[in-house]
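Quick setup: one chain, the form predicted alone, written in structure tokens, and binding and motion questions come after.
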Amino acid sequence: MKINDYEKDFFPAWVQSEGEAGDVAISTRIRLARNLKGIPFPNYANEAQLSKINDEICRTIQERPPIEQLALIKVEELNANDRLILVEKHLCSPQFIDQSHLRMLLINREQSVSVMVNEEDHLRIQAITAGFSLEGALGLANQMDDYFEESLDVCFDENYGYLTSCPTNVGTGLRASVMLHLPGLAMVDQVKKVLTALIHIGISIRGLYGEGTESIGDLYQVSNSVTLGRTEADLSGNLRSVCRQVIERERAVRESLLKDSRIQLEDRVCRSYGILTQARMLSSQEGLKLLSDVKLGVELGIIPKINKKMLKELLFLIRASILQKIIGKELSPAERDFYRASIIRDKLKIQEGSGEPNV
């Protein structure tokens, strides 16, 4: 199976590099919620009002094109699988594709910036970067926010800040999140303890696809839960401090496991590596869990000479909608499991004798 040509422009920017603290931090996302004056929030707007929002956005782009070209996608014109791919790329929310009528999505070429039109708010501006990069993601989001605010009349109150459909977003309208890979904390059964403690300091913990989802492959989204009465600098600074502590805690646990339980750790990592290189069928959950173990092994030097970028790409490639896009047809669950295992085996192939576990 040859998929390299297809992949060239398929990966979003955050998948193609590690970024800062890439051993633990997978990606960083900033989302800004904005609404236009005089029009109800999307959940309360009628079709004419939703259409007016779309017209305003289209007019803005046509009359004053942004510095960076944006592709405009009408979500209802996409098939079901292509909609799911947008979610897998973290360019939009699952809720956005469920209510596709009169919803538009703007995306830049690198797929590092997207704008959901008529989701829960009129505009939801998102920027996503590789690794731990709150400043970088915030800069991209603010640049797009400034562009729209120069042309659109945005709801802003001197006392409350930006007005949004959900009270928890009122104020800055900012939601910052960092996707963390925490296999070490999970192995010593500390992940719930550590993450639960964060709730008391205004930090929310979510799964792979955001609110209402569970962790898969030891991946967790850590984000701010309050925006009112706080500045962007306060919110990003607090989250930065919290994430640094979690990252350092994860690193310390990994080193402790390597020192005190090396054989057991190597056994787990090498078993997972062995299954991935030999399995003929793998479910999505099993594939992500095994890749989580192997990523840990690569970061700790147990399995050398495996390209970290390639491993990160695999975490993305093996998801159902991505597989179906690559293969070019709708797949049954069994067929997805077959192709998933095949792609992983192909990607993990390296020169003979260069990738044996370092035990």
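A residue's number is simply how far along the shown sequence it sits, counting from 1. All figures in this text were calculated on a predicted structure; none of them were measured in a lab.
One more form of this protein should be noted, the form predicted in complex with another copy of the chain, which is absent from this view; the next part is about it.
- Contact annotation: another copy of the chain lies within 4.5 Å of heavy atoms from the stretch 258-266 in the model of the complex, the single such stretch among 258-266, 85-93, 136-144, 164-172.
- Contact check for Lys193: no non-hydrogen atom falls within 4.5 Å of another copy of the chain in the model of the complex.
- At least one heavy atom of Gln278 is located within 4.5 Å of another copy of the chain in the model of the complex.
- The shortest heavy atom separation between Met116 and another copy of the chain in the model of the complex exceeds 4.5 Å.
- When another copy of the chain is considered in the model of the complex, Ile205 lies well away from it, no heavy atom lying within 4.5 Å.
- Though another copy of the chain is absent from this view, in the model of the complex it lies within 4.5 Å of a heavy atom of just one residue from Leu123, Leu180, Ala127, Leu282, which is Leu282.
- Only one of the listed residues (Arg244, Arg251, Lys74, Arg271) places a non-hydrogen atom within 4.5 angstroms of another copy of the chain in the model of the complex, and that residue is Arg271.
- Looking at 97-119, no residue comes within 4.5 Å of another copy of the chain in the model of the complex, counting any heavy atom.
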